[in-house]
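This document starts with one chain, in the form predicted alone, laid out as C-alpha cells.
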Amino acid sequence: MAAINKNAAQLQATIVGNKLVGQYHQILISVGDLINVCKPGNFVAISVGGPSSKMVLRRAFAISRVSHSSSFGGTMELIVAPFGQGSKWLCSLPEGSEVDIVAPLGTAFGIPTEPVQALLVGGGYGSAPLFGLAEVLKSRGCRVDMLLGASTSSKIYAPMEGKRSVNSLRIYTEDGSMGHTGRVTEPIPELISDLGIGVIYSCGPMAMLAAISAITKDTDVVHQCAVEESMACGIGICMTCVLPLRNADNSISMVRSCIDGPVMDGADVMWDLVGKNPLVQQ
C-alpha cells in the first residue's frame, strides 16, 4: 500500500446496526480501535457477496463518521444506497453479521489550523460524510453552513441530522419537493460574498463538484471535494479510478482517486477531461 494508507488494516468486523433511513441504509460496524485513525473523507473497502460469491472485487464506501459507545466500542457508520448487486447484499445483512473490511483508505479532508468560515455542500447521500466533518470543524471553532441538494426530496439524506450538525442549513431540490427549488450550487456565489466563506467542502455527483470548482475559480476560496469515481480495488492497483489533474507547468497527470483522493483540490481537477483520454484531447 502507498504511504497514504499506512494506517489501513484488514479485519473481520461485526455489523451492530442496520437501519433504513429514507431510501438509504445506515449501517453501523464495530471496528474497535480502528476509529482512532479514521478521518473525515476516508473510505472503507468491503468484500461483498459472501465466501462463495462471484463478486471478487471489493466495494468502496465513504465513512460517514466514527464514534465510541459503551455497548459496541469503536464503531464506523456507513450510509449505503442499495443500487448495485454488492450494495444490495450489504444492505440485506442482519445485525451480528461479519464483513471483511479494509480501512481507513484514501486521503482525508484538510482541517484548518485556525477558525474559518466553512461551507459544506452535499449531493444526495454524498452528504453523509459531511456530517462527521461538520462536527470536527465546529470543534475547531469554525462556523459551518451547509447546503444539501438532490433531484427530489426522497434523495435528501437525513435533513434533520444535517440541521443539528451545522450553524445553518439550506435544502435544494430540482423538482421543488423539499426546501428551495433549483440546483444546490445556485446560492453558492451569494453565500461566498455574504458569509465570507474561506473553504468549501463538497461530496456528491461529479457534475456538482465541477460546478462548484467553476464558481470558486479566480477566487480565494479553497474547494476540497471528495470525487465520485468507481474504485475496483481501492488500494491503487487496478487503475480504474484515474482522473486528470493539471500540474503547475500545465502538463497533465493521471492520478488515482483511491490513492491521491478521494479528497482533492477542486482547482486541480481538469473537469472537462474527466472520463476522456487527455492524450487524445491535447
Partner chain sequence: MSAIDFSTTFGNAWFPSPIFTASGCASSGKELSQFFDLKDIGAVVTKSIMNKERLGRPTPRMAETPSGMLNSIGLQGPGIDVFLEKDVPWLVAQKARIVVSIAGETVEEYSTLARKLRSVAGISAIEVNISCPNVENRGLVFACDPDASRRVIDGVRRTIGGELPIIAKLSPDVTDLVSIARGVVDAGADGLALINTVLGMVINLDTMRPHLGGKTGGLSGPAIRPIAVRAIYQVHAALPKVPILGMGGVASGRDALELIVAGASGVSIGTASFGNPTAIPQIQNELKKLLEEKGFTQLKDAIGYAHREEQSHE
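Positions refer to the first chain, counted from 1. Note that the coordinates shown come from a computational prediction; the quantities given were computed from them, not determined experimentally.
Note that the form predicted together with its partner chain isn't included here; everything after this is about it.
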query: Region of this chain that lies against its partner chain in the predicted complex, out of 240 to 248, 65 to 73, 220 to 228, 24 to 32 [heavy atom, 4.5 Å]; finding: 240 to 248
query: Interface membership of Val99, its partner chain in the predicted complex, 4.5 Å heavy atom rule; finding: no
query: is_contact(Lys39, its partner chain) in the predicted complex, heavy atom dist at most 4.5 Å; finding: no
query: Residue contact check: Gln10 to its partner chain in the predicted complex, 4.5 Å heavy atom; finding: yes
query: is_contact(Ser47, its partner chain) in the predicted complex, heavy atom dist at most 4.5 Å; finding: yes
query: Answer option from Asn167, Gln85, Thr152, Thr181, heavy atom within 4.5 Å of its partner chain in the predicted complex; finding: Gln85
query: Triplet Ile111, Ala128 and Met146 all within 4.5 Å of its partner chain in the predicted complex via a heavy atom; finding: no
query: In the predicted complex: members of 35 to 58 within 4.5 Å of its partner chain, any heavy atom; finding: Ser47, Lys54, Met55, Val56, Leu57, Arg58
